[in-house]
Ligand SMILES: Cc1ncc(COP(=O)(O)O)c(C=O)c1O
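Take a look at this single chain in structure tokens; it is the form predicted alone.
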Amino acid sequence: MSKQYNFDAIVNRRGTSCLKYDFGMKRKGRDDLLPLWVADMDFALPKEILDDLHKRIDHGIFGYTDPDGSYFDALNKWFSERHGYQIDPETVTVGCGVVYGLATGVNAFTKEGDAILIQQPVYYPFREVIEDNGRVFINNQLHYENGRYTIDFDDFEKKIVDNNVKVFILCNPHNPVGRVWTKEELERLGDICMAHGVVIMDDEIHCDFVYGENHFTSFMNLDPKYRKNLVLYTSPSKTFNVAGFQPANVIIPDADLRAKYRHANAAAGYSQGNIMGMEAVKACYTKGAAWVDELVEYISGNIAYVREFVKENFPKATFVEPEGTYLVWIDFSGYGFTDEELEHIMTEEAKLWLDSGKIFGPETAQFERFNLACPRATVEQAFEQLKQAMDAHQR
């Protein structure tokens, strides 16, 4: 297949108020670290999408805006063609980012003191939106064995029953462990939640990054019975790196749940969405398919490079094979470093800015998350720096 896009191009992001590159001094106390931390890509959007954004900017007026028919047509085109399900416009509420949507859901479907379950190690804002809103965090720890994560379903149901859990926040594909949950796994989770009246808040933001023989299944692909309990979060923010526009779509098939969510959304003072976020949804979902196909193939190559590099150079580390996302999860516990020693090596010696495993839960402090959504040269530089640092600590 001929290549239309150059993902090897290095784009200088410094000096753009970029969280990933411009805030090292503020957040880490130094400005010489190579950042592979926040889930933010270093690839510029293709011309066909930028042209649509420029056209909207050139109009020159940016007043209050609501999604129209073309917006919902774009949503339906993407998710029907790539993921096999239709979207009813009546079920969609536009948000200002998935994390805001999760916090809104917490307030919509629970009251202070209620229990909400998550599966650590998981995207750390899940726990934050629970505890910051006065709810009780319950953990169904994912089972880790032989470099792979699975769900402990017995513990999942026991935790729900014992704690009268009201909401389960699911991450699929899972950040940071890279699992793409199977149809059978999702059905089992769904059956347990239905049996106990638990609302499923399902974050599918990484759904477009799936590798090899793995197949992404949305809860929307399953038996419609599960939609009674479903709140689905989607966004082009990861697929197209448009998080700065804060687009999000919250799909709630059940009318009662939808009314509760919209009441909480209104109570937070949110009404019209970000105009450029809505333009990004339309442009990305109608013009971006070929770009995403090449993007996923390119990132798959980055993953293959890191897989082999770890095998050859870090024999005591475990590369957790990602089925999805553009994030790689590596277990360094085999080296016997203390948590503090590991962080010193990564930051002070390898000069890498990573997301430490400890922020995803205390059980994974010996893991590191690497963002591979960047040019191959950046990945190579990062792992050469890490090799040099690790070579000085041969044990």
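All residue numbers are counted from 1 along the displayed sequence. None of these values were measured; they are calculated from a predicted model.
Beyond the structure shown, there is the form predicted together with the named molecule, which is absent from this document and is the topic of what follows.
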Asp208 versus the named molecule, in the predicted bound form: is there a non-hydrogen atom within 4.5 Å? no
Give a yes or no for Cys171: in the predicted bound form, does one of its heavy atoms lie within 4.5 Å of a heavy atom belonging to the named molecule? yes
At 4.5 Å between heavy atoms, is Lys238 in contact with the named molecule in the predicted bound form? yes
Does the named molecule come within 4.5 Å of any heavy atom of Asn175 in the predicted bound form? yes
Counting any heavy atom within 4.5 Å as contact, can you tell me which stretch out of 199-207, 135-143, 279-287, 296-304 lines the named molecule in the predicted bound form? 199-207
The one option of Ile87, Val99, Ala74, Val165 with any heavy atom within 4.5 Å of the named molecule in the predicted bound form is Val99
Sole residue of Leu342, Leu352, Ile330, Ala39 within 4.5 Å of the named molecule in the predicted bound form, by heavy atom: Ala39
